[in-house]
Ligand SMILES: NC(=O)c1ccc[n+]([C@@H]2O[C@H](COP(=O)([O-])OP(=O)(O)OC[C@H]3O[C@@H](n4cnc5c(N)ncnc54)[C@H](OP(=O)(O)O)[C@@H]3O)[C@@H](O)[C@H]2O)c1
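One chain comes next, on its own, written out as structure tokens in the form predicted alone.
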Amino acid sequence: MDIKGCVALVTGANRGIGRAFVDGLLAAGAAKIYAGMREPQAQHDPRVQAIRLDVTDQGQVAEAAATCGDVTLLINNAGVLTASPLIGAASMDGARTEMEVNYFGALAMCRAFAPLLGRNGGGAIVNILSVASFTTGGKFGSYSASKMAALGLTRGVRIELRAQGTLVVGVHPGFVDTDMVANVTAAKISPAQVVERTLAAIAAGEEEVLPDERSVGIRQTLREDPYALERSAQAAWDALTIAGKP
């Protein structure tokens, strides 16, 4: 798919990876970009139109589909991380929020825009996932569960939409330098790097993006030993439990 001249919709476009996608698409020559935000903000380029869009609100999703009928590229970027373990969390509120945004929100957008993409020549859907869609950790158990569900969604939507010519891309970054992981001290890549590698994959017709060393390494480790990362996560959780910090 050619990015130049495309009409894109980016969810969660007000900051982080979403904002970087808006900038990257402009630089690549997109004709128009709908910037989906819970609270629309003024935009610096006339090609960018901010729209009110909470992906967990079915009414707003339907209104976006009615308003943005010329979309040829959908970037499902909106996401949330509550850092909730599955058993150790005080309640299931964090897990419900993550599933509502990371899974059901992406599914709602895919369902709303798939017919439009088909009518507009096929286009592409990009789902911003995570290396957490490949494996899990105790402290982020519910986030991993939501991203694993979103990976299953991505693969299923790909199967259903291949016949209409829609490219469905899953993007699996490690830690990205955004507000979501501001407290993480591990090495991070920039949002711009995620965008650059994703746009290159779209242009090349590639269905999976591993944009950093961490994602490449995790993919390779899983090929060599499917349970290696689970053992590592267990050791990390046990260490936290011993220290009294689960």
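Because the structure is a prediction, the values reported are computed rather than measured. When you see a residue number, it is the position in the sequence shown, counting from 1.
What comes next is about the form predicted in complex with the ligand, which is not displayed.
Using a 4.5 Å cut-off to the ligand in the predicted complex, each of Arg15, Asp54 and Phe175 places a heavy atom inside that distance. Within 4.5 Å of any heavy atom of the ligand in the predicted complex lies no heavy atom of Ala89. Though the partner is left out of this view, Gly79 does reach within 4.5 Å of the ligand in the predicted complex, counting heavy atoms only. In the predicted complex, none of the heavy atoms of Leu26 sits within 4.5 Å of a heavy atom of the ligand. Contact check for Ala124: every heavy atom lies farther than 4.5 Å from the ligand in the predicted complex. With the partner omitted here, the stretch from 110-118, 125-133, 67-75, 151-159 that lies within 4.5 Å of the ligand by heavy atoms in the predicted complex is 125-133. Only one of Ala200, Met180, Ala192, Val216 comes within 4.5 Å of the ligand in the predicted complex through a heavy atom, and that residue is Met180. In this stretch, 91-121, the one residue having a heavy atom within 4.5 Å of the ligand in the predicted complex is Val101; the partner itself is omitted from this view.
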